[in-house]
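This document starts with two versions of one protein chain, written out as structure tokens and named structure 1 and structure 2.
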Structure 1
Amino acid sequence: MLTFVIRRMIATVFVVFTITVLVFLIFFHTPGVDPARKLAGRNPSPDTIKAIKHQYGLDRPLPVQYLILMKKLFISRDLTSYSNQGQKVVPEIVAATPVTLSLVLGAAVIWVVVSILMGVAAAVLRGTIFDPMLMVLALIGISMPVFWLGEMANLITQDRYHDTFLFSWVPPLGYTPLTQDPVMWFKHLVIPWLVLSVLYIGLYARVLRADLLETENEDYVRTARAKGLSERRVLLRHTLRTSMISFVSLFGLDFGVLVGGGALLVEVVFALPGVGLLTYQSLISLDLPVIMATVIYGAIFIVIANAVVDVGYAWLDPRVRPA
């Protein structure tokens, strides 16, 4: 097991390295683009540009430029935003992370529970009208742009039906930290959670249903029935248990992607000050250092999540577990 984990860690470090190089090349060496001007934000003075050129070592060889950037990101953590009067970037990201985590964790709970219920229900009800109905519902969920769904949710809960008993509890857009007021935290996040989870409910319910139906044909499920186990036990302990292997590995990947920046659109629509909103605001002001930092931090989080998934996969499936 230890060698497995170590090998996985080495692979992870390699991927992180490649991603940072990729981001570095995109931001500093896209043909025809002057990185110093870009980094300086809108309407920079010539002095600023000169200072940036020196600070990022843009007149020095490529590997040195890369190392300087990495040092600014991870060691001295003094990457500064020029559009935003010298604001330090890394602490901003650290402060925004709990918001993003709150959003994604809550949505994840909803989508896991609901998609398992939907997927199992559709598989069990195969041959009835409910199976295709549930799957069409899932497809609609997959087909809706999440930011538009968010806007529609706002239209209903903030405006059109806000004064009815249904949605009068919904607070104005924004966020309250969990430590400050748990009830308010919850109220702020309920609608975003639901909106974010819709897409994943659709995806996971479809994947799980297909998996369940495929597992249903496995010989060991037939064995379980031949043992005289109840249909319920066959479903829960045998069919669902093995189908969960791919479900869980998907979950790990999507969770990583969402925390690593994928929840951006939902954060923007609901004005939740997480990492995604930070990225968005820097997009609007073309604040390149912030974008660069959020992208790299996000990517690293995702890669680590992938590694955790692999180890978790080994835990769930004894066949790939190293002896």
Structure 2
Amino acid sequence: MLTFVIRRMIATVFVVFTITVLVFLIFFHTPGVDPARKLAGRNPSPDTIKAIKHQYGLDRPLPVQYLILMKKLFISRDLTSYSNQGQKVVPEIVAATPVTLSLVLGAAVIWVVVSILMGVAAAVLRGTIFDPMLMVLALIGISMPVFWLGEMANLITQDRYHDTFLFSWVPPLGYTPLTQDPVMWFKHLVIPWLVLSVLYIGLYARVLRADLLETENEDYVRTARAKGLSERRVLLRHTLRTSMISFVSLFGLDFGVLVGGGALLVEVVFALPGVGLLTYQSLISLDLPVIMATVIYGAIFIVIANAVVDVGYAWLDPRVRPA
């Protein structure tokens, strides 16, 4: 197992390096893209563009430009925004990360717990009316776009019924840090948690139900029943553990994507100043350093999540470990 983990870590470092190179080339050396012209403003003179290129090292060889940007991003951490001169990019991302983590972690707890309960219940109650009812609910959750659901939640909790006893506790859109006021932090995030988790509850419940039903036909499950083990023990110790492999794989990928900025729509709808909202604002202003930094940040989270998933996969099923 240790050898597998070491190999996976080496592969992770190589993948991150490759991603940084590709992102650098896409954002700064795509034909027709000239960061110096954006910095120079409208109708710049050739001398102005030349001076800006020299100031930012854009007139140096390609490998040197890459090394300068990576140094500013990961070592000196003084990469500056193009739209807001003097504003450091890395501190912006660092300040936005706790917001995104708070949103995604809370939603993840909800969707993992509820989807496991729904998936197990649907599998156990197959053949009854409750099985299709649960799967229909899951399908409805999958079918609702998250931005639409968020807008509907705001319409109900912030406008139509805000003055009623049901939603009078809901604060205005925004975010309060956990360290500043835990109660207000929870109030700001509980609705976004529910909105973000709805899609994943339906998806994960359907995947888990299908895996549970497929696993029940395996030889080791029939052997466990033949030994006289209770159905509860067979479900928890044998069927559910093996069926969680696909569940864990999906969770790792989705969690990495969301933390890396995939929760953008929810953050925009609920005015949460996380990485997704920062990326959205940077895209509007075409602020290349911020966009590049957030893309690399998100890619690193996704790659790390993949590595963790692979390790968890190998722990759940030793057959996937290399010899």
Partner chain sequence: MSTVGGLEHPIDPLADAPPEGWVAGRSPWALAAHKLVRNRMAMAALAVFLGIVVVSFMGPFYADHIAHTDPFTSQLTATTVINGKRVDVLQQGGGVLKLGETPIGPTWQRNYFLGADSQGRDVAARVLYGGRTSLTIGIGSAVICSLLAVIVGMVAGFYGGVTDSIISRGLDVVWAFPVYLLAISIATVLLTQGLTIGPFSISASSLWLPTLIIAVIYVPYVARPVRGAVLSVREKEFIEAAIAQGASNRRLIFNEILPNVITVLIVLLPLMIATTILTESALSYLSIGVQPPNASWGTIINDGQQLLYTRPWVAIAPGIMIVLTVLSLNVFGDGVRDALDPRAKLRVKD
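Just so it is clear, the model here is predicted, and its values are computed rather than measured. Here, a residue number simply tells you its place in the sequence of structure 1, counted from 1. Rigid core here is just the name for the largest C-alpha set that superposes within 1.5 Å across the two forms.
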With each form of the chain shown alone, which structure should be assigned as the form predicted in complex with the partner chain? 1
If I superpose the two forms on their rigid core, does the C-alpha of residue 183 end up displaced by 2 Å or more between structure 1 and structure 2? no
Is there a C-alpha shift of 2 Å or more at residue 130 between structure 1 and structure 2 once the rigid core is superposed? yes
Hey, does residue 57 budge by 2 Å or more at the Cα between structure 1 and structure 2 once the core is superposed? yes
Mind pulling the C-alpha shift for residue 48 between structure 1 and structure 2, with the rigid core superposed, in Å? 6.9
